[in-house]
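Following this are structure 1 and structure 2, which are two forms of one protein chain, each written alone as structure tokens.
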Structure 1
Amino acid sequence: MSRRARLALFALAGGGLAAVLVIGFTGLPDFGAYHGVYGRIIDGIGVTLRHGTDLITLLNFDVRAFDTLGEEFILFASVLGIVLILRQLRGERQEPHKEEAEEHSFARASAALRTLALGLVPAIVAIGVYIVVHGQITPGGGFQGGVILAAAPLGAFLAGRYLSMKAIAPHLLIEWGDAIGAAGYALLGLSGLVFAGIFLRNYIPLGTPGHLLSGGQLDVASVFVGLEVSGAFLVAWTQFLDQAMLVRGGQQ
């Protein structure tokens, strides 16, 4: 495509986007005005009908659970693209030898940093699990807890123990976690179609609001999303770190 054609295409797309933004901005409500019809509906059904005391999790995994399914598979597809590209770039080479991995530039961590980083790993895991399973009660859920869980193995990396990080989060385990989380959420929706007649409709008995098992499918959906998010981030991070190690190894 020529430069003139690209500029013409940009002018057409940019002009259309600018017009849409102007129309949207001029139609915004005044400051302080609240026209949240859907917000009032969610406030009304959150605790009484869905038994979820955290309305954000209720919104993600019940009211707009189908949108969350799309978001989950966007993340899954993005990480799949990273894996395919980086594996092709490195030509499926073997992982670096232990000596090379232990002597990479990140391994020069002080004793204080190693002790603190390794000591934080179990604490981060515990916090991540807590956030995932308590999402229907307090602010949190699978997305937030999944990111926290994915950060736990990085403690070993910060301590200069790259191979130890790979032992804590091996490729096979995190790839299975990513796949099981994505597939499990989709199967949860299909089970709603089978047992309740509507995709992603809750059919699991609801408990007492404020208790751990109180949101029906909210609890299960949050766990699956936590698995997918933590697995996806760890797959992406380990692929990038492997690629960095190969590049550094080739320069030595």
Structure 2
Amino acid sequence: MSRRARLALFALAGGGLAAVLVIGFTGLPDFGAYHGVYGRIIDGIGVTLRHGTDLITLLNFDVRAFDTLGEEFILFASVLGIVLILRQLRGERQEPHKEEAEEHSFARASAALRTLALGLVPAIVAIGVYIVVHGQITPGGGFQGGVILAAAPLGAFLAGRYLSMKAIAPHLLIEWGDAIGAAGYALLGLSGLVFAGIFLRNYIPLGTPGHLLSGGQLDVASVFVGLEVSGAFLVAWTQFLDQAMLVRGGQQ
């Protein structure tokens, strides 16, 4: 289909869709006039029930913990898919282009900027760990902190050293992190089955709301998910960066 015909068809279909969407949305309650029941209930009793003050983490890793198990394995499976799609094809080889991989520079970044990027690596790790372990008290948790943790080795990449990024985050380490995180969360669920009789049911002491060690399984689940997310993102990013920096040859 020509581009023109495609756009004409879209103008018709898209216009119709927009009209239907607007009609549908006008049937929703007004913005801010909330009529739900679940939200109100969980807002009222969440803290008393589970001793975590961040209700989003509380829902994620306790009330809806089973959904999170599925979500986590979606991430795991899709990263496996990325690794599979970007596998070494016939005729391809990995070979650092000397100047590029050992020392490349983005838009001729100055030495000061590149040193700063390298210096940020430990700071990002510290923030990531903080966000992961405080998920049950303040905004954060495994998913958010995991992505921040995964961003840390990218500092080395931005500093112009891809091979040192791979030294900070070697394939084996991040793959194990990904796998241990995913397995750990599932094992946490199984341990609930053993100690409390129900899969993913909390059996860990709840502690005092607002304290670091509170919320029972929230923190444990957060750490496992943080490990899995940071591992998964680093595996995916390394795959893409390998394609750009190392992989040569192959059929066109």
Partner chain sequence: MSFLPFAVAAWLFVIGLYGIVSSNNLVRTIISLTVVQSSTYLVLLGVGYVSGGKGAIFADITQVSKAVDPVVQVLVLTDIVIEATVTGLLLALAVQAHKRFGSLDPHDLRALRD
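Bear in mind that the values here come from a model prediction, so they are computed numbers and not experimental data. Note that the rigid core is defined as the largest set of C-alphas that superpose within 1.5 Å between two forms. Numbering for residues begins at 1 and runs along the sequence of structure 1.
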item: Structure number of the form predicted alone; value: 1
item: Which listed residue lies at the hinge, 172, 28, 194, 208, rigid motion between structure 1 and structure 2; value: 28
item: Rigid-body rotation of the smaller part between structure 1 and structure 2, in degrees; value: 64
item: Rigid core superposed, the C-alpha shift at residue 33 between structure 1 and structure 2 in Å; value: 2.4
item: Per-residue Cα shift, residue 21, between structure 1 and structure 2 [Å; core superposed]; value: 6.8
item: Shift in Å of the C-alpha at residue 10 between structure 1 and structure 2 after core superposition; value: 13.5
